[in-house]
Each structure stands twice: as structure tokens, then as C-alpha cells.
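The chain that follows stands alone, in the form predicted alone, written as C-alpha cells.
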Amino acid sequence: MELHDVMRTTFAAREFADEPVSDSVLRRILENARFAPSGGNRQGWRVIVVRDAAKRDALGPLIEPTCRRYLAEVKAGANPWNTVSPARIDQEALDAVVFPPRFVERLTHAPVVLLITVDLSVVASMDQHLARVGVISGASIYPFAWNILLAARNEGLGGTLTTFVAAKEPDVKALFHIPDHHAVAAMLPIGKPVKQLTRLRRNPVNAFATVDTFDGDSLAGGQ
């Protein structure tokens, strides 16, 4: 596919056809994704291909509480799991959440499930002393994760970058024998989408690009 077509049609696929993804296709995806940039080109990523059915089954209960809180906060009109304006959700609201059919299973039992971790001993975290949640370390792992999804799209596949597993990181580490110095960055379910979207809704450039200051004039030249 042409680069811009891939960039403009790679959507968050969560429902997949019951078709396997071969090791050769998966290896080709990772072969291309590995050219993602990382701080100092240290490439601190690790990919765990989750094939074992028991481990996939175990992932469901690990991400379910995180998904439940996410949906409850969305229902309350909040931005879920937000650190700037935390939602006030009680246990009754959590218990009232009704998951869409196979909401969790579609993620944990996709044709391919990848766990992405990052070696914290090789990433630069320039924001580690700021009084906010850290984001800078992600610059050395999420370009790689996104490259996987772009490469999957080029193969006629789809997927989504989920982070539900991070809330239960100690349990995930124990289940998959992940060392202490690695952080669980994402879980990527991948497969052939039941439906391929080709027109994605995104804000126009003038909604987010300004000149010289945060509140400056919108970048000119758009439509």
C-alpha cells in the first residue's frame, strides 16, 4: 500500500475474522516495525507473542477491572483514568457496568496477541522529576508499537494498541516472566478485521497546530 493510504486507514480494529495469522506474516510485520526510532537507537523493546490458550484466558481477568473502570468513567462523562481531573466513581457505578458482548474476549483471543514491554534501563525519562505522570519514556516504545500496526495494515490486517494490562503490571509480569526493569507498555490484538474502515474521523490540522505559542494563530495553508 502507499504510505499515506496506510497512515490514513489504520484504525483501531477490535473485531476479527476467525482466520489465523501465520508466523511468517507476523515475522514480516516485526521485520518492518523494528525500524522505528528510539532514544539513542537503544531499541529497548521486547515482544511476547501470546500463543498459549491458558495465558490468553488469564489475561481476561487481569484486564477486566481496568476495562470496567474505563467504561464506568466514560458513562459518567469523564475522560477515563485521567490524572488531571480524576473521575469520582463508586463501587455501585463499577458494578453497574455492562460489557458489550465479548468485549474482553475479542482482545485476548484475537488471532494474534502481542505483549510489548520496554527496558527502563535504556530509556531516557527527562520528566521523571516533574509533578505529573511521566510520558517521555513512551517516545522509545510507542513508535515501535505503532509501526507494528502500520505494518499489519499493509498486510491486510488490523489491530489496536491497548494499555489495559498496565494497571495490573505486577500480575502480568509474573504470568509472562517479565523482569523487573521492563515496563509493560501495551497489548496488541491483531487479525483480519471483520470490517475495514477507510474513512477515519480526525480533527483538522488547524484544530491542533499553532504558530509560536500554544494559543498562537492556527497554522495557515489548510482547508
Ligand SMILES: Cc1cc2nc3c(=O)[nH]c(=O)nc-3n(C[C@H](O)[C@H](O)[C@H](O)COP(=O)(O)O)c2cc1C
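Keep in mind the model is a prediction, meaning the values are calculated, not measured. So that there is no doubt, residue numbering starts at 1 and follows the sequence shown.
Separately, the form predicted together with this ligand exists; it is not shown, and the next lines address it.
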| item | value |
| --- | --- |
| One stretch from 47-55, 160-168, 28-36, 174-182 that, in the predicted complex, holds residues within 4.5 Å of this ligand by heavy atom | 160-168 |
| Candidate from Leu200, Ala207, Ala17, Val211 lying within 4.5 Å of this ligand in the predicted complex - any heavy atom | Leu200 |
| Residues of 1-26 having any heavy atom within 4.5 Å of this ligand in the predicted complex, listed in sequence order | Thr10, Phe11, Ala12, Arg14 |
